[in-house]
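Take a look at this single chain in structure tokens; it is the form predicted alone.
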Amino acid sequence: MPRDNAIDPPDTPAHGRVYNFSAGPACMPESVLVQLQGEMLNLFGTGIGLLEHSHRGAAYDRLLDEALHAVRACAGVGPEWEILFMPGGSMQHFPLLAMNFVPTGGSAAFLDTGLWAHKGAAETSRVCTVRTLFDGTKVRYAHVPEAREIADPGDAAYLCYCSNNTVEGTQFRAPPRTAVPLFCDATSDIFSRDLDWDAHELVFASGQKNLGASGICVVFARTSLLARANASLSPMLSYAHFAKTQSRPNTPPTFGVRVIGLMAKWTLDHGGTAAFARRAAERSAIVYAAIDRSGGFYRGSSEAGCRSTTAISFQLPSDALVDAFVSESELQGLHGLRGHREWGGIRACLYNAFPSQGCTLLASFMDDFARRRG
């Protein structure tokens, strides 16, 4: 649960740092970075640094217990959910999900709502048949589907979707409803808002955004789902085996586990997911207002009804103007604004640790740039 004495995160970065709008790896709380700095040399007063501790020792036991407790509290899930820390990025989980949960000859269903969902479906297709229940390419990924736009999953083993599409700047307001188990890639909005856990069987997120360091994923899986997993898989590919071994079937990414634990605790200390949802709505509204009052100079990538509160994507009239926007914004201390290389334009990512004053400064810069260049 959120702390009773929760405080707001700092509005501005520390001296010498800039406003980092990067999509990920993304900005982290400076207090967490400072704590990690000390722990790299001496963890828990042991005289041994974080990267040097055995994953079978008492210090790592404590580190893991703290991380599990903070993550569970931040999510608000009970013992019916297993929490796994797995090495690698989120993209590897798409084929892993199929290996674990799609029976021989079976299929998985997808909602193709953006670049990462599209790539996830492609990776899954290497393992099993994929059914696309919504093809967002037909609307250039401008919106996520309403219920009437989602096809019947039939006998698919599960339906997988991406809750927030960082490239295109769209976000599901609520999870899609389906008759089959629902899996979610929540990489870019985990812990930025409350999640309807009752609607899901499995949720995963990589650590490069609201969870801190890259190279690790957190997976929430219902114990009842794991009981039905493919028992013949290699242990290193098995979610059930990771649950059985406390996420350490071999040497785990100890640094990443510690960072996730500290990020979850920081989220709780600053009000929890409900507080960050409110902040995300307020901050993103400032930037969207600058888009809307530009008279078409800035063109939002997403329809108004599904605008993301954590990833704002928009286009300018030309690539030359994009280059000028990026160069001039960096002179103002606003960094990481260039859009994804496969999408172009500008992208402002407002993850939990992003200082809110940066949105006001960005909107002011956008107004001035449009006046001068429009």
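Numbering starts at 1 and runs along the sequence shown. Quick caveat: nothing in here was measured; it's all calculated off a predicted structure.
We do not show the form predicted together with a small molecule, though everything after this point is about it.
**Q** Using a 4.5 Å heavy atom cut-off, indicate which stretch of 125 to 133, 296 to 304, 82 to 90, 276 to 284 touches the small molecule in the predicted complex.
**A** Careful reading of the contacts points to 82 to 90.
**Q** Indicate whether the small molecule has at least one heavy atom within 4.5 Å of a heavy atom of C162 in the predicted complex.
**A** Heavy-atom contact with the small molecule at 4.5 Å: present for C162.
**Q** Although the small molecule is absent from this view, report whether D185 comes within 4.5 Å of it in the predicted complex, heavy atoms only.
**A** So D185 counts as contacting the small molecule.
**Q** Would Q208 count as touching the small molecule in the predicted complex under a 4.5 Å heavy atom rule?
**A** Yes, Q208 is a contact residue.
**Q** Is there a non-hydrogen atom of W116 within 4.5 angstroms of a non-hydrogen atom of the small molecule in the predicted complex?
**A** Yes, W116 is a contact residue.
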